[in-house]
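In structure tokens, one chain follows: the form predicted alone.
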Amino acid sequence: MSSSGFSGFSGLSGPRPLPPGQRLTAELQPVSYGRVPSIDLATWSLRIGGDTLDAEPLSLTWADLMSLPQTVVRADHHCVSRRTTQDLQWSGVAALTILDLAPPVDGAEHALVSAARGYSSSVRIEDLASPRAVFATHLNGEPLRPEHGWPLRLVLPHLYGWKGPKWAVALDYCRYAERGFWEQRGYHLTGDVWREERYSYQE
């Protein structure tokens, strides 16, 4: 898939300074908790719920998702294990598009993004609203491979990789932060890579 017909291409090519504590790796290495799930697109959907503005959940099928405006973001990926891969091209639907389609209620400042096999991550809505946040379906012009999160993964380039679940299935808005899988196990609630927010004791 080329960038033709896409909007929102952003980012600069070439080596750049790394966030503190990170080291450069040439290829994106898939990391996950547990086995790669088997997903059927015929039954898959992305549900947006929780504290929505109209108090009703919205479910997007794969066809629904593909009908939305598409975007391309060139960004680095920062794993909390201290590996950074630069200049990855993520294609999909801007997270801001999802927020506009099914907005949160006033006062909801957090979200819990859930994935297949029970994984979840706590993120701030302001991070989802970043112009570089994307629900990605493609990586470097090709459909995501299963180990990289097919059919859908959240990409938040300014946060550590655990903040962007692979195999995403739900987005629930919350008035108060709900800790996801790794946040319950001692990881930072925000996870800003440039501030090196790795662990909960730093909050």
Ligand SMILES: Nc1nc2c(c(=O)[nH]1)N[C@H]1C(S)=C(S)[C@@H](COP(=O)(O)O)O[C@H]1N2
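The first residue of the sequence shown is number 1, and the count goes up from there. The model shown is predicted, which means the values in this text are computed figures rather than measured ones.
Keep in mind that the form predicted in complex with the named molecule is missing from the display, and what follows is about it.
Visitor: When the named molecule is placed as it is in the predicted bound form, are C79, W162 and P165 each within 4.5 Å of it, taking any non-hydrogen atom of the residue?
Guide: Verified in the predicted bound form; spot residues all in contact, yes.
Visitor: What stretch, of 141 to 149, 41 to 49, 57 to 65, 170 to 178, brings heavy atoms to within 4.5 Å of the named molecule in the predicted bound form?
Guide: This holds for exactly one stretch, 141 to 149.
Visitor: When the contact criterion is heavy atoms within 4.5 Å, does I98 count as touching the named molecule in the predicted bound form?
Guide: Although the named molecule is absent here, I98 would stay clear of it in the predicted bound form, with no heavy atoms inside 4.5 Å.
Visitor: At 4.5 Å between heavy atoms, is V31 in contact with the named molecule in the predicted bound form?
Guide: Answer yes; at least one heavy atom of V31 falls within 4.5 Å of the named molecule in the predicted bound form.
Visitor: Is A115 close enough to the named molecule in the predicted bound form to count, meaning some heavy atom within 4.5 Å?
Guide: Yes, contact at 4.5 Å.
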